[in-house]
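Presented below, as structure tokens, is a lone chain in the form predicted on its own.
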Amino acid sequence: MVEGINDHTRCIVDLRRHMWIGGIEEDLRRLIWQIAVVGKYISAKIHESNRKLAGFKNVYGEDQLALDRISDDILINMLRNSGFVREYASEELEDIVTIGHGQEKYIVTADPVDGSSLVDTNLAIGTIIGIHQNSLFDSGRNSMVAALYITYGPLITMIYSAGKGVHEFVLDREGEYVLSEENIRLKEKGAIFSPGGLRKDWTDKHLKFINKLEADGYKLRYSGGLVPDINQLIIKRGGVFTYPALRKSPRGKLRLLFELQPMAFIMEQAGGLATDGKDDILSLKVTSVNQRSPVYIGSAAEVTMAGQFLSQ
């Protein structure tokens, strides 16, 4: 528990106070707060979305909802006026955008609406943010200083880490993010697994790993959205999510900058692991904005087991 917060007051500690008590650098906590506020606006857009395609593709050739474009605009406009961000990279843009004057401290990466294809089914979706201080073309371990994701479900929750543990906040009826759980830690071994990709496209080594999980009684929990699937691992304290190398897509599907680095940062802070099957996600050097990677992420036992199967 954060020093100075007792059981009686814990439930009314808001995000700004929590970061201040935690000793997070002032500019970083102000930036995290501003991004959290943007989540309120994105949530409102989700509710009013007409769920119709915008009529064009994003840079990766996927259907892009009007919601994606609007959410990206909201984020970039807020960050442009924040005074803390010099560059912005988004899954919806073709390249890194300079939005500051060159002297600002941070670079932000974003997946504004992760799981937007799930909007019409009314499943939980989210926003993923990475905050860097150095060049994006480095490893996440050398450049990242914070990460967060917001889950838009029955409740709006935000989980963030600025390198001092993993903490969950819930947006209350008054529009404040209030502390729900702090210093979340995964168990060494979990009980659920979330496997992405089609079974027919899996490699033999990956299939053997999944078969082992099934034989050991792991429960299948897969929504098709990265944010809700990672969130359940965090809240349930363990398990594994994987989107592996596929026979025709050896680099997998998920993007290193926008999806995997932020989630790996959070997972490691919660005591878990995140690898590409061999190397830590945060140790991988970024060579292009749209770089993809396989991923095994979750509690230590399952991710370590995956590496053992893949190395056979």
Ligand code: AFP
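Note that residue numbering begins at 1 and tracks the sequence as displayed. The structure displayed is predicted, hence computed values, not measured ones.
Keep in mind that the form predicted in complex with this ligand is not shown, yet the notes after this line are about it.
Contact with this ligand in the predicted bound form, defined as a heavy atom within 4.5 Å, is made by none of M78, Y88 and G100.
Look at 171-179, 201-209, 216-224, 80-88: in the predicted bound form, residues with non-hydrogen atoms within 4.5 angstroms of this ligand sit in 216-224. A heavy atom within 4.5 Å of this ligand in the predicted bound form is found for one listed residue only; from A274, L257, L254, A270, this is L254. At the 4.5 Å threshold, heavy atoms of G115 reach this ligand in the predicted bound form. Although the partner is absent here, Y152 lies well away from this ligand in the predicted bound form, with no heavy atom inside 4.5 Å. This ligand in the predicted bound form comes within 4.5 Å of a heavy atom belonging to F241.
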